[in-house]
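Starting off, we have a lone chain in the form predicted alone, written out as structure tokens.
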């Protein structure tokens, strides 16, 4: 999940454009991590050392690791360690940007350091994506109304990100949420969660992107905006919220209820009187929008 937050970090600092980021997210899904990228992340090699080995590879028919060992940059034990350890997915995103010439190895090395520092992440957390480190990432990302997120809000947003990765695909970038008082709906499905943590959730997607979203969710290829596509959007929102109330019951002993999904009037202007946030999620096929209205927070 770090790739998604790392992508937003790059976007918000104007290091990449939205189009460049979308293309890099698409590429990372079919890319293989390079040893030089892993060595920079682990701190075993500097960007300049990696660049030198890459240049040497153009003159010698040898693997990167073999040259790095011969040059004294890596040991055989370090190469084996890098090849066997878990590989955080954000490295593939950075690697794709380097290969496209958007950033270079030195910039990538500095970005890793700055990003870890800004999010209070240790190198270990940044490599393993622990539950605690993801919570930290979400807290830093969702700086809402200059107040800390409640535990229940963090759980809901965390589940949203996991559900997108699991059911739609990990090639997305979240854009920081904003306060929202009104919103012009495209095709919008909403659902109420009632109880001690009461919220109204909305999933809004432009019709052109609904087909791709539904196709990914169901695992079939839809070609037109029909009742199957519409039902898929309702099912996704219902699944997300259903999993959330189960988690609240199991983890917090809080019993919540769920109303059936409702289709909002197309092209209507939604207005919100209570605390509401709009969260855009950018996919290659288009941007989807999650809206969450908080009725009460405990």
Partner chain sequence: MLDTVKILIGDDSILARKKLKDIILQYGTPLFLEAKDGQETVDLYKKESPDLVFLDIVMPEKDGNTAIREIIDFDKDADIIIVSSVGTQSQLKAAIEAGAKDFIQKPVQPEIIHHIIASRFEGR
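Positions refer to the first chain, counted from 1. Just so we're on the same page, rigid core means the largest C-alpha set that superposes within 1.5 Å between forms. Note that the structure is predicted; figures quoted are calculated from it, not measured.
This next part talks about the form predicted in complex with its partner chain, which is not shown.
Trainee: Would residue 218 show up as a contact with its partner chain in the model of the complex if we use heavy atoms at 4.5 Å?
Mentor: The answer is yes: residue 218 has a heavy atom within 4.5 Å of its partner chain.
Trainee: Check whether residue 232 has any heavy atom within 4.5 Å of a heavy atom of its partner chain in the model of the complex, and answer yes or no.
Mentor: Residue 232 belongs to the contact set for its partner chain.
Trainee: Under a 4.5 Å heavy atom criterion, is residue 8 part of the interface with its partner chain in the model of the complex?
Mentor: Yes, residue 8 is a contact residue.
Trainee: Mark residue 42 yes when one of its heavy atoms lies within 4.5 Å of a heavy atom of its partner chain in the model of the complex, and no otherwise.
Mentor: Residue-level check for residue 42: no, no contact with its partner chain.
Trainee: Quick one: of 51, 268, 70, 249, which gets a non-hydrogen atom within 4.5 angstroms of its partner chain in the model of the complex?
Mentor: When its partner chain is considered in the model of the complex, the option within 4.5 Å is 249.
Trainee: Which single stretch, out of 99-107, 196-204, 182-190, 162-170, brings residue heavy atoms within 4.5 Å of its partner chain in the model of the complex?
Mentor: Single hit among the candidates: 162-170.
Trainee: Since the partner isn't included here, can you check whether its partner chain sits close to all of 238, 245 and 258 in the model of the complex (heavy atom within 4.5 Å for each)?
Mentor: Yes.
Trainee: Tell me whether residue 22 is among the residues that move between this form and the one not shown (Cα shift of 2 angstroms or more, core superposed).
Mentor: It does shift by 2 Å or more.
Trainee: Using a rigid core superposition, assess whether residue 288 undergoes a CA shift of 2 Å or more between this form and the one not shown.
Mentor: No, residue 288 moves less than 2 Å.
Trainee: So, does residue 11 move by 2 Å or more at the CA between this form and the one not shown, with the core held fixed?
Mentor: Superposed on the core, residue 11 moves its C-alpha 2 Å or more between this form and the one not shown.
Trainee: Are residue 236 and residue 9 closer or farther apart at their Cα atoms in the model of the complex than shown, with the shift being 3 Å or more?
Mentor: It is closer: in the model of the complex, the C-alpha atoms of residue 236 and residue 9 lie at least 3 Å nearer than they do here.
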